[in-house]
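Let's start with one chain on its own, the form predicted on its own, as structure tokens.
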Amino acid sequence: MLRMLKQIIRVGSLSETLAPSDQVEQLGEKLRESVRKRFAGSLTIRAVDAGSCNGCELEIHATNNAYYDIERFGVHFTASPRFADMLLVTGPVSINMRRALEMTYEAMPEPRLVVAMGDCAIDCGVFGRDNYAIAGAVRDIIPVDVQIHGCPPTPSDIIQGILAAVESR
């Protein structure tokens, strides 16, 4: 609790500046082309909140808003891991979510991509590894292909991370 309060005081109130629309378009076209080559035109993502503060989830939703609209580039979200090509995990893995995350990973068809999104998913962030309720970072539980840094990462960072994961295969 004190660690979070110190970070809030240190960082202050921030407002995200939007990426220029031409930059979003260029990034999106790269993503569309990579998805077309590697996934026959459509990439399906299963997002899992393994114990986050929901900041990353808000940014995931922002990738679907009218400005970024990631679906126009061939990226779709699904509720079923059986249809997913990529697993997008946010937050440190809580003890209660550990088995659920493992089962979600196991239910995905091969080849599967895993992206750890946000500082908490990468190294437990403000929650810390020594927390009694945390099982560890995502890479401690399942294999991770790409990490997206940020607390929380911007929608542009998320799109770049998804592109990096797609191009890694």
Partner chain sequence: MSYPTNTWFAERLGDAGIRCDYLKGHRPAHMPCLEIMRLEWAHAAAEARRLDMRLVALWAAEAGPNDPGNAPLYAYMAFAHPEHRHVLLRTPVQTELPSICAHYIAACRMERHMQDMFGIRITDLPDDRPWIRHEHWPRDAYPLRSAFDAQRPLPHEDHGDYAFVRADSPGVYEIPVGPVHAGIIEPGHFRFLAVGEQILNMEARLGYVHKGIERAMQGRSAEDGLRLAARVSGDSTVAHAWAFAQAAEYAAGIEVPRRASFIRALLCERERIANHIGDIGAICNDAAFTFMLQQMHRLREQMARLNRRIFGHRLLMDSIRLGGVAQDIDTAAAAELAEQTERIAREVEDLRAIYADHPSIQERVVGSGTVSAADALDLGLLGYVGRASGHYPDERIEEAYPPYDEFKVAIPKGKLGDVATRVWVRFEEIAESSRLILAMLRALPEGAIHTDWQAPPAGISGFAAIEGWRGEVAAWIRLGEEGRVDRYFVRDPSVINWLGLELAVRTVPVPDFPLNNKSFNCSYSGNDL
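Numbering follows the first chain given and starts at 1. Here the structure is a predicted model, which is why all the values come from computation and not from measurement.
One more form of this protein should be noted, the form predicted together with the partner chain, which is absent from this view; the next part is about it.
- The partner chain in the model of the complex is not approached by Arg139, whose heavy atoms all lie more than 4.5 angstroms from it.
- Not displayed here, the partner chain is approached by Tyr67 to within 4.5 Å at the level of heavy atoms in the model of the complex.
- Glu59 belongs to the set of residues with a heavy atom inside 4.5 Å of the partner chain in the model of the complex.
- Among residues of the shown chain, Ala107 is not one whose heavy atoms approach the partner chain to within 4.5 Å in the model of the complex.
- Shown without its partner, the chain has Pro92, Ser94, Ile95, Asn96, Met97, Ala100, Thr104 in segment 83-114 as residues with a non-hydrogen atom within 4.5 angstroms of the partner chain in the model of the complex.
- Pairwise change in the model of the complex: Lys6 and Gln147 C-alpha atoms lie farther apart than in the shown form, at least 3 Å.
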